[in-house]
Structure formats: structure tokens, C-alpha cells
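As C-alpha cells, one chain now follows by itself in the form predicted alone.
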């Protein structure tokens, strides 16, 4: 798929002043393929050439209600009359923290601006509280763009080595190899290897940080009992469990993955769906840990945390989540999952459609199950991308990277689902001949 004339013109303008013409590397699709956006409304986006797409990227997940959702826009407009950044606590900040507490059960909350900030701060909190420095993370899990966790996020296979003793691979240049000494990587869903690494290193391990489901690898789910096993290991060895809910928070359930899987972490990070696309994040956790965040104890701050526009957006978004927006989202996702599964089966395309309906993944594989990153790495990414590019031509836009789930918003309709399934059927038939 090539971008249109206006998109290409704007891309060339952007490339003169912005590296690759984009403000995040993930948005670059190639010089003649990178779309430039004009607007979004509800479940749709329009590019600079006025092509409309049903949006299942949703900014990589944040826009849980839909673009320009009325109650969010109204709350933001009210906030703009108050001010923007005060370096003091405002009513909206307190209200958002109270609503996060009510929905998720976390004892206390500190706000941040992005998921990257939230996970970076959570690791610092765990290190300070335990007096230990190392972290354990899982292959294929992504925790933001800071150096501490950009290891084995999407490592080349077999370049990452033997799965029982993986080689630590930085996400790219500029990440000091020295930091790899503070990271232990293990495959997801492998109890034996995780327990071995904990027993060998527990005296140095501050935290296990994990996505409760692999939101950055096609929504690979934890096997039954795995999260409870991680929880028990942390309890036994004094390690803090950080649940990275940047993607799952307020999306897979009102209380996020902690509710969905009935698990309690020591620290939890939220972002994306918290503000329906506005830049806001949060770290929540147990009172005994969070209460140690204070001058002279655990350092944590930020000039723009709690800015009026973002907290107002979060305040309105949480009201919609509490009122039942996820019911509409889940019903739409379930319809798509069922229809896509039927199409792939009918066309004899071996595949797994998995994950919660609000953020499901599709993996083209003949394996009976997919439990870790290396399973995904062995799947058919090329065919998947061709199918998605065909969908683009038909006005449907999930992400073309098979690692990314299909994100659903409260604005998507049954009419959208019918159109998408017809388009998906046609796309599969075009590609699978």
C-alpha cells in the first residue's frame, strides 16, 4: 500500500524537520507508505487524502472510548478554564486517584505522563524498597523506552541464544551494555526456568516486572496458574511484583488485569486507556510501599504530572469505564474474534485468535498453542502483513505488525463489524490462493 499524494507531501515536509518524519519510530512505515493523519472521530480516522479507515490501532490502544469522545472533550474544556500546570495538587488529581483506587483496589496512586515513565519509576520504587538492584523480565515483554527494560523485547531468533539461557539483546544502539548486568530474561509461562533464576539470584532481585498478558506480542495469555506462581515466588523471596498494565489497565476489565486474572501485584503501572489518548499514566500499589515515596526517602516527581488537561481526560474516561463502556467494547471484540476464526478455518489458514476481546491477537501458526515470544517468532508474519495491507486498501486499519493486538473502542458498531468481517474474508481469499 502506498500513501496518497497529500500524505506524501506532508511526509516530505515532516522529514525535513523530524527524523523519519515521525515522532515515534513505530510510526514509520517507509518513505512512500507512512500515512499522515488529518483527523479522527469515534471509531474512524482520516488520512491527509481523506481516505477513511475503521481504526483498530487506536494509537496503539489508548483511545478506548473513541476519538473526540464528547464527555472527555467537555471535561477537558472545563479544565482549560481552570489552568494547566500548577506544581500543586488540584481537584482533578485527587478525583482521578480516588477513581483508580475504587476500580482497581490499589491502595495509593502517583501520577506520571507516560507508560515509560510509570514503569521506570516503579522499578526505582522496587529497588529502593528492597535495597536490591536486578530485575527479572520476560522475553517479548515491552515496558517502555527506557534503558533498564529495553532488553529482549523483540530479540532475533536464534540470535537471542538458547531459550534456557538467553543472550541479552538490547533493543538498539545507545543502550549501555553495562545495564544488562542488572537484567535477567526468561521465557514467559516457563515455571521451571523462572524458579531456577529466582533461586540463583533472589538476593539481588528487586522485582519481577511483567505484562500480565503479552500485549506487545499478539495477546499471548498466561497459562493457568502462572501468575499465581509468580506471585508466590515473589512472596517467598521478598521480591516485588510489578504488573505492567499500561495496555491492559481499564481495558480488559474495569479493574484491569488484576481483576481479570484475580491477582494482586505489589506495584501496578497504568497509562494508555486511562486518558482515552491523552498523556497520562499512574503508578499504583500497596500502601506500605507507596507511602515511602517522600522527600528524603524514594525520589519521584515530574513537572507535568497532574496537568489539568490530562487529568480531566482521565476523570471523564474513568467515569465512562465505570458506567459500562467495556460491555460495548467486549461485545464488538467477541463478534470480530468469532468471525475471523470462522473465516480462517473456512479458508484452511492455520491460526490462533486469542486474548481478551478488547485487545485480541491473531497468530498464523499451525501450533496448538502459543505460550511465549519464540512461539510467535516462528509464526507466519509475512502472510499476516499481506492480509492487513489488503485490509488497509478496504478501509480497515489494525496494525500491520502481527505483534500488535486489534484494539476495540466503545465507538465501534455492529455495522463496522459486519463490514470488517466481509473485508477480512475478501482479504484472506486474495492472499491465500
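This one's a predicted model, so the numbers in the text were calculated from it and none came from an experiment. Positions refer to the first chain, counted from 1.
Just so you know, the form predicted in complex with a small molecule exists too; it's not on screen, but the next bit is about it.
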Single option in 144, 187, 161, 255 placed near the small molecule in the model of the complex, where near means a heavy atom within 4.5 Å: 144
In the model of the complex, the residue from 180, 354, 330, 114 that sits within 4.5 Å of the small molecule by heavy atoms: 114
Partner-proximal stretch of 227 to 235, 317 to 325, 244 to 252, 92 to 100 relative to the small molecule in the model of the complex, 4.5 angstroms, heavy atom: 244 to 252
Touches the small molecule in the model of the complex: residue 211 (any heavy atom, 4.5 Å): yes
Residue 305, heavy atom within 4.5 angstroms of the small molecule in the model of the complex: no
Non-hydrogen atom contact residue 216 with the small molecule in the model of the complex at 4.5 angstroms: yes
